[in-house]
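Here we start with a single chain on its own, the form predicted alone, put down as C-alpha cells.
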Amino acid sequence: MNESELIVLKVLEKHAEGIDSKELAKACKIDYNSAMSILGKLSEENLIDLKKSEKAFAVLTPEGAAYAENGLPEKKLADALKKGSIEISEIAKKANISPVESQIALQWARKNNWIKFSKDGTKTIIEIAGSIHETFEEKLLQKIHHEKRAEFENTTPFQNLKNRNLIEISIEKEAIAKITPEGKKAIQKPLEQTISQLTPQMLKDGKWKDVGFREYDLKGLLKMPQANLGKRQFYLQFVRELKEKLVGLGFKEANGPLTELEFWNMDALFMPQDHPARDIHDVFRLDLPQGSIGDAKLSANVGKAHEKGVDVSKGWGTKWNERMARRIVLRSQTTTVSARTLAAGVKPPLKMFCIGKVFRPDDIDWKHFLEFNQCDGIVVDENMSFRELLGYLKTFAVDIFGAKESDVKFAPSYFPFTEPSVELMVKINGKWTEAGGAGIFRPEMTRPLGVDVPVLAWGLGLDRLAMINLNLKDIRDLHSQDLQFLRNK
C-alpha cells in the first residue's frame, strides 16, 4: 500500500457509515479520477466496500425555462378565454403567443378538457369547456425551475415534459465507499517504502536495485471516463466530401430559392401544364399571391415552345397559361437552379452543380419523407454529346461513390426536359441502386432560355445514396439527434 491509498483509508475510517466518492476526493485533496482509481484497487483487495449507482435528474431546457417564467401556452390560452370566446385564427393575438405556440396551446388545452369548438358560419370558435386547474406538468415545471433540477421519475408528467422538449435528462454516477475490517487492519501496517520515478542517477550508481517501485493499476486506467470528441455530423460530412469532389472535377456550386414559381419548377423545364406533377398531390403549392416572372420576352419564348415548339418540334400543342406559371410552390427538383443559371446567360464551357432540399408529397415511412436532398448539375459546351455524358456519369460513380467500373451500368429512361435520357445504376456495398437520372436538355427547354449549344444534365437523390453508403436502414437516421448513435457513426 502506498501513501495515497493510506490517506484514502484514513479518511474512510473517519466516515464509518460510508462517504460519496466526490466528497472523498475533496477530503483527500486529490482529483476525482485518481480517487476512483485508488478506490477500485482498494475494492479489489477487499479493503473497502464500493457501491456504484446512477441517478437520472430532470433539468429545464431553454424553452422549458421560458415557460416556467412566463407560463405554458395552454394556460395563456385558457386565461384569454376567460374574457370570452376566441376565433381560432386569432389565438396568437388574443393569447399573446406565437403562431407555433398557438398550435401547442390548442393541443394541450384540448387534452386537459379545457376547451370546446363551435362553428359560426365559416369561422371556428373556441370556448371554455370546463374548470381551468393547475396541471401536474405545470406544478412539476415550477418545482424544477425553483430547485434547479429534480430526480427523474417514469411518470406521465415527466414524460409529457420530456416529449415536449421542456426538460432534458442528466445522468449522474454515484459511488459510495465504506472501509472494511481488513481495511482498518491495513492502516496499522507499516507504509511500504516505494518510489514512483526512476532517475538517471539511480541507473548510474545502481541504487535502483535496492529500492521498491510503486505499482500502477492499469485496470483503473482502463476504467477512465470515455472522452467524446466533437466531430461533424456524418450526413453533413458526406455532403461536404461530395462538394469537394465535384469542385475537384471543375464544377462550380450554385444555389436557388426553396420556394419557386411553377414557371421555373416546371414550365421552363418544358413540363406540360397538364402534367400530373401539376396536381396538388405531387407538389406543395403555397397559399400565397402569384409571383412575377420578371422577363416578358423569356415568358413569351417559353409559352411559344409549349404551344408550337422550336424548329421541327411541335411542342405540346396546348394553350400555355402564364397565370398558372406564376403560382408559387415548394421546389420539387433542384433542376430549377440549372434553368435559372441558363436563363441568366452562360458563356461555354460551363460546369455547374447545386445541392439542396426539394419537397414532394409522399407517405412517410422508413425510406420515404416529404423532403430530401438532391444534387443537380449541368455541363454546357458546344462539343458535348451523349458519349461525354455517360463518361461523366461513370466518373461520378467511380470517383465519388467508390464503385468499380464493372459495377456501373446505364438504363434508358424518360424525363420531360431531356432527350435522350438515361438512368445511372451503381452497385454500392453489394446492392444495385438507381443513383440518378441524366440526359441532354431538349432544345424546347434550352432555346427559350437563350442557349444554342448542347447541355448535359444530371440529378442524384443524395439521401438514398447516403443511406446505402453509410449502411443505414431508416431515412430518419440521417437527421437523428440521438447522441449515442451519432458518436458511433
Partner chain sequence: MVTVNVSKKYLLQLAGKKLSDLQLEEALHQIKSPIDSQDGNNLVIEVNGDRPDLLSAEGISRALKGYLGVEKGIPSEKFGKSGMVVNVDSSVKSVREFIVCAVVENLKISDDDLADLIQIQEKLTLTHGRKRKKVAIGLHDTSMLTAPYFYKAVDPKSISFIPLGKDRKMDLQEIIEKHEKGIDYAYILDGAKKYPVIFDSKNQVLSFPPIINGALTMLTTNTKSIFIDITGLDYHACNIALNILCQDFADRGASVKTVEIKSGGKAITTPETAPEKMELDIGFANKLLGTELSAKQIVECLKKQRISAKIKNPKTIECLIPKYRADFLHPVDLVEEVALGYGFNKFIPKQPSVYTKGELSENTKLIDDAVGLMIGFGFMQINTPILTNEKLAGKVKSISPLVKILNPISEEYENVRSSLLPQMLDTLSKNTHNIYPQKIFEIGSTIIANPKIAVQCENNISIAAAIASPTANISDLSPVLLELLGKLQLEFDLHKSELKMFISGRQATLKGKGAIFGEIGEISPEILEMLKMEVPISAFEIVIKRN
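These numbers were taken from a predicted model, which means no experiment stands behind them. Numbering follows the first chain given and starts at 1.
Another form, the form predicted together with its partner chain, is not on view; read the next lines as being about it.
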*Applying a 4.5 Å heavy atom distance criterion, does residue 481 contact its partner chain in the predicted bound form?*
yes
*Using the partner position in the predicted bound form, report whether residue 328 sits within 4.5 Å of its partner chain, counting heavy atoms only.*
yes
*its partner chain contact in the predicted bound form: residue 382, any heavy atom under 4.5 Å*: yes
*residue 158: heavy atom within 4.5 Å of its partner chain in the predicted bound form?*
no
_Contact check in the predicted bound form: 226, 311 and 391 versus its partner chain, with a cutoff of 4.5 Å between any heavy atoms. Do all three pass?_
yes
*Taking the partner as it appears in the predicted bound form, which of 149-157, 235-243, 164-172, 199-207 has residues with heavy atoms within 4.5 Å of its partner chain?*
235-243
*asked:* Within 4.5 Å, heavy atoms only, which of 58, 428, 425, 451 is in contact with its partner chain in the predicted bound form?
replied: 425
*Heavy atom within 4.5 Å of its partner chain in the predicted bound form - the one residue of 182, 295, 407, 253 that qualifies*: 253
*For the heavy atom contacts within 4.5 Å of its partner chain in the predicted bound form, list the residues of 405-430 involved, in sequence order.*
409, 410, 411, 412, 413, 414, 419, 420, 421, 422, 425
